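To begin, one chain is listed below as structure tokens, in the form predicted on its own.
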């Protein structure tokens, strides 16, 4: 005999499936794998996202790409002020009514990458909680982390491969990993297997949490120079780091080697092996030479 908890979990799961299928039918959407139209149908995953976000009624929450509203309908139940940013006019115009016209939900029809975050939050602290559109995951993360008005945290679903790249340790670092980790601490909330979506995609996903540092490692005025250095270092993967830096930076090779050695970095190492702390030391040396 099933327990009450198991029955409730099954009921919640069936409720989300029903909601999804009704919304798709009303919108006349036939999901296309080719277009990446995969809809989350497991409520327990959404519950984990909400729990990890630690949302309280006084919070302001930005959801990017709410789509048909699977996550949105759980976000509004927290009592927080929810700002759902949807680029698709049709989805935006039907979202609020589809989930019961809650008073704490504002649906904004715009491209978040072309928008000023302050217009959504009025300068208040905020969180980002979203199942991000996979094809623009990195630009959206950068848009928030590099903003003058950063979120207090981001709890987002991304492709598993992207999550693993972002969370990489020294040895497997990349420009994307460095570009996130230099702004905040990253951790995995849960893995989301492909069977939790309709239709089932080809790849698994993961929910990750990014918490920006209280004290930024980089001042805004330093970011361009830092990422010029980082892009140079990662421009020739699997090469000893002194080689790509010598080719890409306006410095002599001997100066590059000296800069690395004074940063306590062996010039024969690869960019993928450097930690965030080592990149920061290298940047301090680099600043004194440009």
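Remember, it's a predicted structure, so these values are computed and weren't measured experimentally. Positions refer to the first chain, counted from 1.
The same protein also has a form predicted together with S-adenosylmethionine, omitted here; what follows describes it.
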Have a look at 85 to 93, 159 to 167, 186 to 194, 116 to 124 and name the one stretch with heavy atoms inside 4.5 Å of S-adenosylmethionine in the predicted complex.
85 to 93
So which of 217, 110, 175, 211 gets a non-hydrogen atom within 4.5 Å of S-adenosylmethionine in the predicted complex?
110
Only one of 62, 259, 40, 229 gets a heavy atom within 4.5 Å of S-adenosylmethionine in the predicted complex. Which one?
40
Taking S-adenosylmethionine as it sits in the predicted complex, is residue 66 in contact with it (heavy atom to heavy atom, 4.5 Å or less)?
yes
Residue 79: heavy atom within 4.5 Å of S-adenosylmethionine in the predicted complex?
no
According to a 4.5 angstroms non-hydrogen atom cut-off, is residue 70 in contact with S-adenosylmethionine in the predicted complex?
yes
Distance check, residue 133 to S-adenosylmethionine in the predicted complex, heavy atom within 4.5 Å:
yes
